[in-house]
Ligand SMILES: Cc1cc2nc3c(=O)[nH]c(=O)nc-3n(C[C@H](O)[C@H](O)[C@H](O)COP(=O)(O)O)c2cc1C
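Next up: a single chain in structure tokens, the form predicted on its own.
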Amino acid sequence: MTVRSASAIDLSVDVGPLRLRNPVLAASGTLGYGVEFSEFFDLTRLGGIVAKGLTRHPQRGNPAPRLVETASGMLNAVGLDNAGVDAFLAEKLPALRRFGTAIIANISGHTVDEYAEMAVLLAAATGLAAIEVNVSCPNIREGGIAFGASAERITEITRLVRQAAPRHPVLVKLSPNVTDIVAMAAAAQEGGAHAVCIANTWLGMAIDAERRRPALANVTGGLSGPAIKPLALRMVWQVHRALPELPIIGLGGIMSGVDAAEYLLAGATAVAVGTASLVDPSAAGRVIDGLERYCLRHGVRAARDLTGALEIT
């Protein structure tokens, strides 16, 4: 019996028109702009880097404390602290190009027009592989309700970004803080999304009982890490079952190659490593190695063969 080496396994995947060397991305907001982590591991190994979320203009974010540990997870209320899309294009993107991996810009707008305006600017850039649209932001023209809570707004924003950046794959990062994740994914698909990312953080809070104060200055924040993995897995499975032709990037609590395999089995085409990178800066590299070993151990010739391969009966 011949045992294949891990190098014989094809890890490449296609997320719609976006070709990745492997299905492991660095999630937005947890790897900075990407360059900061290059001293910890070889970023060229990644399937791609989703850069820190961008707004149209520089934004300072929320006051500290903005991060707090929770049981099996973390709450963050950073508030989209970022340098703005112009600085990203002038300074960050050129530095990222040298890593030879897919660079994905994550955009957040407070109005529909801001999404379209940023997409136009990004579409003219060299070396950008795709645009990830974060619809978890508050719509300041509609009382602060998140865009991601409205199927109509998701379709509208997705369609506008597609029109503004017709040559770039458009990924829509959905909020899990909704009653029907399938309806929101279908709305993104209707707007022309090439893929959806499931899911962003769950809204939560932590209290410092000794001080009788919220642990976060913002009071509430987004819960991420292993605590949310069962919830995100369920959503990935639901969306894949309902919309099997729509590629999914799964994220939420991925700490190992086996975690990544679980998301693929549930229906994801690729995964994004987030909170784990804050615990171990080389976590994404470990996930790639672990996924490769999983494939070898189970006789899987190509990572793409795992997508949706969950056996229910």
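When you see a residue number, it is the position in the sequence shown, counting from 1. Everything numeric here is computed off the predicted structure, so don't read it as measured data.
The following text describes the form predicted together with the named molecule, which does not appear among the structures shown.
- Under a 4.5 angstroms non-hydrogen atom cutoff, the named molecule in the model of the complex has Val78 among its neighbouring residues.
- In the model of the complex, the named molecule lies within 4.5 Å of some heavy atom of Gly29.
- Among residues of the shown chain, Leu265 is not one whose heavy atoms approach the named molecule to within 4.5 Å in the model of the complex.
- Contact annotation: Val35 falls outside 4.5 Å of the named molecule in the model of the complex, judged by heavy atom distances.
- Relative to the named molecule in the model of the complex, residues Leu251, Gly274 and Leu278 are all within 4.5 Å by at least one heavy atom.
- Think of it this way: in the model of the complex, the named molecule has a heavy atom of just one of Ser175, Asn106, Thr155, Thr101 within 4.5 Å, and the residue is Asn106.
- Proximity to the named molecule in the model of the complex, taken as a non-hydrogen atom within 4.5 angstroms, holds for one residue of Leu128, Ala215, Met74, Leu96, which is Met74.
- Note that among 116-124, 237-245, 198-206, 162-170, the stretch whose heavy atoms approach the named molecule to within 4.5 Å in the model of the complex is 198-206.
- Residues of 207-227 lying near the named molecule in the model of the complex, listed in sequence order, are Ser224, Gly225, the criterion being any heavy atom within 4.5 Å.
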